[in-house]
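The data below hold one chain only, encoded as structure tokens and taken in the form predicted alone.
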Amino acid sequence: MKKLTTLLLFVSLFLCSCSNKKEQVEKAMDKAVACAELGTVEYTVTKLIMTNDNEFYKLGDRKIIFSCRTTMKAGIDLAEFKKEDAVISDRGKTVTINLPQPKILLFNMAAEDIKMEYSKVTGLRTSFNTEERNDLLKQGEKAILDDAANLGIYDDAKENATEFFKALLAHSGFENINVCFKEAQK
């Protein structure tokens, strides 16, 4: 919350200095972008992580299923925002800002939100050890992050960031506000 308050203070300074010298704008923007990430959306995802380890050369098989709940926050990393990314024209009535692409700012899969739902070991097999369980959970974490785009979290983050900046800039007196996003890097 402190970072967001500091960010808003510096953005306000930036907007108030639009009619002043370009140097004042640049200084205010440098301070604003150095201080925060702007989280715009939070998703809670529940996923089942399972494996069926029944290799043909071993007697018996073993299965395990975990359920886990994760929290992901996405938004804009303002440290990637440069002073050239804000352009003021029409005598201070129009502003165009070019924001970085949204990204996952926080991913949390807490231990208390992970539950073993099912485990079965038959034949001469041994139970899953701690290392195997951790590897399986890491695979599940990677699968959730890889699927983040399909969940729509980045689209929602863009939409919410656009609305945030439009409201902030409109409140500061701009009549025409254009919020764009930089091309995604491959």
Partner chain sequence: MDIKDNKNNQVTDENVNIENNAAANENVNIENDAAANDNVPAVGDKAEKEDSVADKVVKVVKTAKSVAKGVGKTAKTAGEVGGKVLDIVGTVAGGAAKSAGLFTSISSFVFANLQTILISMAVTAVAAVAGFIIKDMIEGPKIEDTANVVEEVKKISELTTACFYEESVIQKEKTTTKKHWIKNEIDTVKHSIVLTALCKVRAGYDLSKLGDNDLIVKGDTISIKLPAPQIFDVISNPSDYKVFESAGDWSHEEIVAMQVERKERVLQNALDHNILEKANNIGKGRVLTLFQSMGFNVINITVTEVPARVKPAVPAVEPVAPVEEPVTEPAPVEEAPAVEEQMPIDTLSQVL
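Positions refer to the first chain, counted from 1. Being a predicted model, the structure only gives us computed values, none of them experimental.
Omitted here: the form predicted in complex with its partner chain. The next part is about that form.
How about residue 177: is it within 4.5 Å of its partner chain in the model of the complex, going by heavy atoms?
Outside the cut-off, so no.
Taking any heavy atom pair closer than or equal to 4.5 Å as contact, tell me whether residue 55 reaches its partner chain in the model of the complex.
Because a heavy atom of residue 55 falls inside 4.5 Å of its partner chain in the model of the complex, the answer is yes.
Could you tell me if residue 101 has a non-hydrogen atom within 4.5 Å of its partner chain in the model of the complex?
Outside the cut-off, so no.
Determine whether any heavy atom of residue 42 comes within 4.5 Å of a heavy atom of its partner chain in the model of the complex, and answer yes or no.
Yes.
Give, in sequence order, every residue of 107 to 121 that has a heavy atom within 4.5 Å of its partner chain in the model of the complex, or say none if there are no such residues.
Read in sequence order, the residues that approach its partner chain (within 4.5 Å, in the model of the complex) are 107, 108, 109, 110, 111, 112, 114, 115, 116.
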